[in-house]
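The chain below stands alone, shown as structure tokens; this is the form predicted on its own.
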Amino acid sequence: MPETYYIVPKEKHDVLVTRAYLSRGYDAGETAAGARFCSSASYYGIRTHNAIKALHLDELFGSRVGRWKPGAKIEKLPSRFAAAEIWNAHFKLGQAVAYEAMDACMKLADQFGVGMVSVDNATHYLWGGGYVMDAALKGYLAYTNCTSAMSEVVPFGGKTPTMGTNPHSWGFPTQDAIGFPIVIDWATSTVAMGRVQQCKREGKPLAPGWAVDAQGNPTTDPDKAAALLPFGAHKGYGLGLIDELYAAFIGGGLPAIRGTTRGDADEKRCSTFYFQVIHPEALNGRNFAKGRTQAQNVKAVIADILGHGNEKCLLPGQPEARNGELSRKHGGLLFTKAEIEEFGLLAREAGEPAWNLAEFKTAQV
């Protein structure tokens, strides 16, 4: 059934998000990155990681509780590897760090074919797909993973959450072949906690197999969801473990106490980030069938995957591309009634007039 969405001009959205971040002490560069990210997530229909989620995370783990540090400066540590940088983010706003890190990776890839940036003492950067999509749109293959702000996922076969939702995000520059970049992006839990919060906001139940309650029993009630399950049983568990191991090598602390005040005071409680960008030329084996170029070969491979009766299959990144088309078509960012009401709370905090539903055009989607 079609749902009613309210069309908010991007400029109006960005002003409110900027004011909200400024009211919490973030500097101009951080607020610009925060608004850019939130606008991008909404533009591409990522409802679980829009401004509501971003600023809620800041309330739980950030400037409101003194863990994230508005105005912090990134420290770039010595590295003996020319294509690899190691950063100490000093708890700077995650979105600002992530955009800067991906830009650094692209510059390294231009010079060395590949570039990577590892970030310790990080905060949460939210939707990893947005960063790899930006790189893919500029012609690069990109990857990122991060550990979540806290541990919310029960390992396969266990009952206690000791891992984060730990996303993996890949972006491929396929827009010349199919019109949009392929973006493969997921939390390694069955769903992101943002989806649970969205269901709670919209008054919808969770799907079976998403979450467990405080006693470790399966639940479909978003109010009772205490922890999430890994997707694909042992497979999702293994992918989530990858992020924890990357973090362990970078400098991350014990995942069970991340984002809390539990445990030894000397233990770390930060997130960690990892970014990697590859220049397509660095992968070019120059031996494509039938004399195809690299670009032609990519197009042929995708066409073959979607052939043979598979023509109706979706490609990862296609839903985001379609949502982007809707945002372009309607000339703004699309939000539900419940989301508009949540923005009203942010407006009150930032000293801005609350959004009035009557002032926005609507669309049935």
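For every residue, the number given is its place in the sequence shown, counted from 1. On a predicted model such as this, the values are computed, not experimentally measured, just so you know. The term rigid core refers to the most C-alpha atoms you can superpose between the two forms while keeping them within 1.5 Å.
Another form, the form predicted in complex with another copy of the chain, is not on view; read the next lines as being about it.
*The unique member of 179, 208, 203, 157 whose heavy atoms fall within 4.5 Å of another copy of the chain in the predicted complex*: Filtering the options by heavy-atom distance leaves 157.
_One residue of 196, 241, 150, 72 in contact with another copy of the chain, assessed in the predicted complex (non-hydrogen atom, 4.5 angstroms)_ = So the residue touching another copy of the chain in the predicted complex, by this definition, is 241.
*Is residue 297 one of the residues lying within 4.5 Å of another copy of the chain in the predicted complex, judged by heavy atom distances?*
Flag for residue 297 set to yes.
*Does residue 66 reach another copy of the chain in the predicted complex if we count a contact as any heavy atom within 4.5 Å?*
Residue 66 lies outside the contact set for another copy of the chain.
*Closest heavy atom of residue 287 to another copy of the chain in the predicted complex, within 4.5 Å or not?*
Although another copy of the chain is absent here, residue 287 would touch it in the predicted complex, with heavy atoms inside 4.5 Å.
*Give a yes or no for residue 232: in the predicted complex, does one of its heavy atoms lie within 4.5 Å of a heavy atom belonging to another copy of the chain?*
Contact check for residue 232: yes, within 4.5 Å of another copy of the chain in the predicted complex.
*Has each of 111, 173 and 267 got a heavy atom lying within 4.5 angstroms of another copy of the chain in the predicted complex?*
Every listed residue reaches another copy of the chain in the predicted complex, so yes.
*Look at the stretches 94 to 102, 127 to 135, 219 to 227, 162 to 170 and give the one with heavy atoms within 4.5 Å of another copy of the chain in the predicted complex.*
Checking each option against the 4.5 Å cut-off leaves 162 to 170.
*Select from 314 to 331 the residues with a non-hydrogen atom within 4.5 Å of another copy of the chain in the predicted complex and write them out in sequence order.*
314, 315, 316, in sequence order.
*asked:* Does residue 129 move appreciably between this form and the one not shown, meaning a CA displacement of 2 Å or more on the superposed rigid core?
replied: No; residue 129 is a residue whose C-alpha shifts by less than 2 Å between this form and the one not shown when the cores are overlaid.
*asked:* Superposing on the rigid core, is the Cα displacement of residue 117 between this form and the one not shown 2 Å or more?
replied: No, shifts by less than 2 Å.
*Core-aligned, is the CA shift for residue 253 between this form and the one not shown 2 angstroms or more?*
It does not reach a 2 Å shift.
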